[in-house]
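One chain comes next, on its own, written out as structure tokens in the form predicted alone.
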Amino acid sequence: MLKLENISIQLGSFQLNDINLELEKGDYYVLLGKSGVGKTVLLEIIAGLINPDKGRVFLNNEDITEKKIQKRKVGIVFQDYSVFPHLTVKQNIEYSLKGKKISKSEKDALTNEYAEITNVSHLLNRGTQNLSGGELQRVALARMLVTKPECLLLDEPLASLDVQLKGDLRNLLRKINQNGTTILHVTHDYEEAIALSKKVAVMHEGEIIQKGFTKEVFRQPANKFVANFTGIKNFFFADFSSINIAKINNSIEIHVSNIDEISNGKIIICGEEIILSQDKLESSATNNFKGHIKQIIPYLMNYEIIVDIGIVLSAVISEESLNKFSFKENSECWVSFKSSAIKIIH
């Protein structure tokens, strides 16, 4: 449906290198990466706002690399909405239909249809100056959707919204995708990717370093950067000196279930399954280490405890557990986890 072949561009000191990407019709595809890695540049190349130095862009098997913006059946919505402040909501939505050979009644019908889909029908006659961020984003989406694009390009659409508005807009984006619109969505937020996408590509320093179905990428990160960026903290390269022992940094030995009998690979230790205690526990956990608490990081529902056992681990505990054991930074504790809490990747 949408295909990028060997897209490369040099912009000052920044460059995109041989980007290859393919979306099927109906995909919800997320480009995930830190700010400045080239995600927005790639959207602008697809939309026709920038020409690549090398490579081709195809839409439905048609080469659109040299086509004018207006001739491409794609719509792009930027993070800052780019809604016209001097026009009403209705006029903003209708603006995308300017120059199209359709009657006023058809324009009105399309405007009303997509205003209803994006839940801005009640705002049609209002100006845009006093709309909330969520309302502005919906207007911007309606303005693009009214042209019935083959592919919708979204640049950080949820970045400036509060938690409630993010939830509402996620539901709208799912609905738009379920109605048949293919979406390519750029974000730096891995939770956004998990919540919305069917497929994901992780970008780093102008390159795609891993891509595939979202569940596969998050379950089997290709390297430490992907693991850390996708929220996986306890990711290590290991040698397997025996079927059941993983050795990290040639020093720390961890009991695992190495059913494939590989000699080396990567392991992920689930932070939620790491148990912290003041004293060594008598339990079925095969891995027990004395550790040093380096940092305690509060989150909304729990705490992340960074513990050094010779390797640095991230454990997730409740506020109740934190208070019960009186864990403090720069104090000692015991760390335990079962071999079943470890995932082996090779």
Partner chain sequence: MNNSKNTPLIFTLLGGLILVFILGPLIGMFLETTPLQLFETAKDREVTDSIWLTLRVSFLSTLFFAIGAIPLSYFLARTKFRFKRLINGIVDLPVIIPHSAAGIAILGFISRDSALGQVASSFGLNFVGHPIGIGLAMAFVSIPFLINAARDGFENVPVRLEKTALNLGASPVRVFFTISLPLAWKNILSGLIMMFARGLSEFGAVVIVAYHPMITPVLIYERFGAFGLKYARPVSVVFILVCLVFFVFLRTLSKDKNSSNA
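These figures come from a predicted structure and were not determined experimentally. Residue numbers count along the first chain shown, from 1.
Missing here is the form predicted in complex with the partner chain; even so, the following discussion is about that form.
Give me the residue from 131, 123, 76, 196 that has a heavy atom within 4.5 Å of the partner chain in the predicted bound form. Spelling it out, the residue with a heavy atom inside the cut-off is 76.
Identify, from the list 27, 308, 44, 304, the residue with a heavy atom within 4.5 Å of the partner chain in the predicted bound form. Partner contact (heavy atom, 4.5 Å) among the options: 44.
Counting only heavy atoms and a 4.5 Å cutoff, which of 179 to 187, 217 to 225, 139 to 147, 101 to 109 contacts the partner chain in the predicted bound form? One stretch meets the cut-off, namely 139 to 147.
Whether residue 40 contacts the partner chain in the predicted bound form should be assessed with a 4.5 Å heavy atom distance threshold; does it? The answer is yes: residue 40 has a heavy atom within 4.5 Å of the partner chain.
With a 4.5 Å heavy atom cut-off, would you call residue 60 a contact of the partner chain in the predicted bound form? Looking in the predicted bound form, residue contacts with the partner chain do not include residue 60, since no heavy atom lies within 4.5 Å.
How about residue 80 - does it come within 4.5 Å of the partner chain in the predicted bound form, if we only consider non-hydrogen atoms? Flag for residue 80 set to yes.
Look up in the predicted bound form whether residue 297 has a non-hydrogen atom within 4.5 angstroms of the partner chain, and give yes or no. Close contact is absent here: in the predicted bound form, residue 297 is far from the partner chain, nothing within 4.5 Å, heavy atoms only.
Who in 80 to 95 is close to the partner chain in the predicted bound form, meaning a heavy atom within 4.5 Å? Stretch hits, in order: 80, 82, 83, 84, 85, 86, 95.
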